[in-house]
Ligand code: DQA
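In structure tokens, the next block holds one chain alone, the form predicted on its own.
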């Protein structure tokens, strides 16, 4: 792929302008990191920044015959420029809109992007890491384009379906992304896992769901993931899916949601796979207190209703994988859950990956991925 990294107004001041909001990395630092990520994935990247709307439009037009994907931070133009929207739409190049800060938690005028509807995806609130995630998303979008289908009326009630090349009926891996149930983290985090598992012969159903805010959004999140699993019954005929071989796979906070979906869905999964899962919310550590309180609302009054370890038995076989180098979610979360599941009479096993960190368990390029893939396909 030939990728264009395009940055709009004031991004030339990155590293000096409001570092408490945008970080200390300069635009040159970002471009260098992006070139390295693109090269790692086998692609070539060129970078351009302009403070002028017309120059950005000209760059998008010029990319039509030379570029396969665009990573674009329009800056403040994203909130005002219908001309940039039209340019992106006209050239028909997959474009990922990127914002460094969490625009949904800033001034009201920053929360609406007029350019986003023309883009293939939007990433915000992840710092400069969002640029790297955008490149990865373009890579996996090109490697195996998904069919995005709704399972409900809300914009976040959608899922990406990828089907193997072989004839069906296909087993199904339902993928539930993590990110602490918060807005900035979306299903693009599971793109690599989805493409890899589909290449190994299983259909993947990479779901989006409503996330916090609002405070106490746990009901919506759990209901959405459960509804997404049940939606397989309505699409199975058209896409030759084997509903007797469904595995629900969740990463980090997504494992908490996946557990309850596996427990409650009318499409009964053959197994539940937790990847670095948050499975014992009452004993996860004080660093998670604010996040969990926001998710639950009313402090911890609902904890017994949303804590997987307190809701056992789940009713399906479980595999919990966790990297021993995980500094985000303690590996004891998986150890305690598996011990409790066995005590409840469930089939449950623990796989600890010696050299894996929190994100390695969803990365096909990580050393322990073969163990993860075997667990995901073995249920």
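As the structure is a prediction and not an experimental result, all values here were calculated from the model. Positions refer to the first chain, counted from 1.
One more form of this protein, predicted in complex with the ligand, exists but is not displayed; see below.
- Out of the listed residues 164, 297, 169, 75, 75 is the one that sits within 4.5 Å of the ligand in the predicted bound form by at least one heavy atom.
- Exactly one listed residue, out of 142, 245, 110, 302, brings a non-hydrogen atom to within 4.5 Å of the ligand in the predicted bound form: 110.
- Although the partner is absent here, residue 16 sits far enough away that none of its heavy atoms falls within 4.5 Å of the ligand in the predicted bound form.
- Of the heavy atoms in residue 88, none are within 4.5 Å of the ligand in the predicted bound form.
- The closest non-hydrogen atom of residue 159 lies beyond 4.5 Å of the ligand in the predicted bound form.
- Taking the partner from elsewhere, residue 23 is found to have every heavy atom lying beyond 4.5 Å of the ligand in the predicted bound form.
- Figure note: of the listed segments 245-253, 93-101, 230-238, 194-202, the one touching the ligand in the predicted bound form, with heavy atoms no more than 4.5 Å away, is 93-101.
- Applying a 4.5 Å heavy atom cutoff to the ligand in the predicted bound form picks out 9, 11, 17 from 3-19, in order along the sequence.
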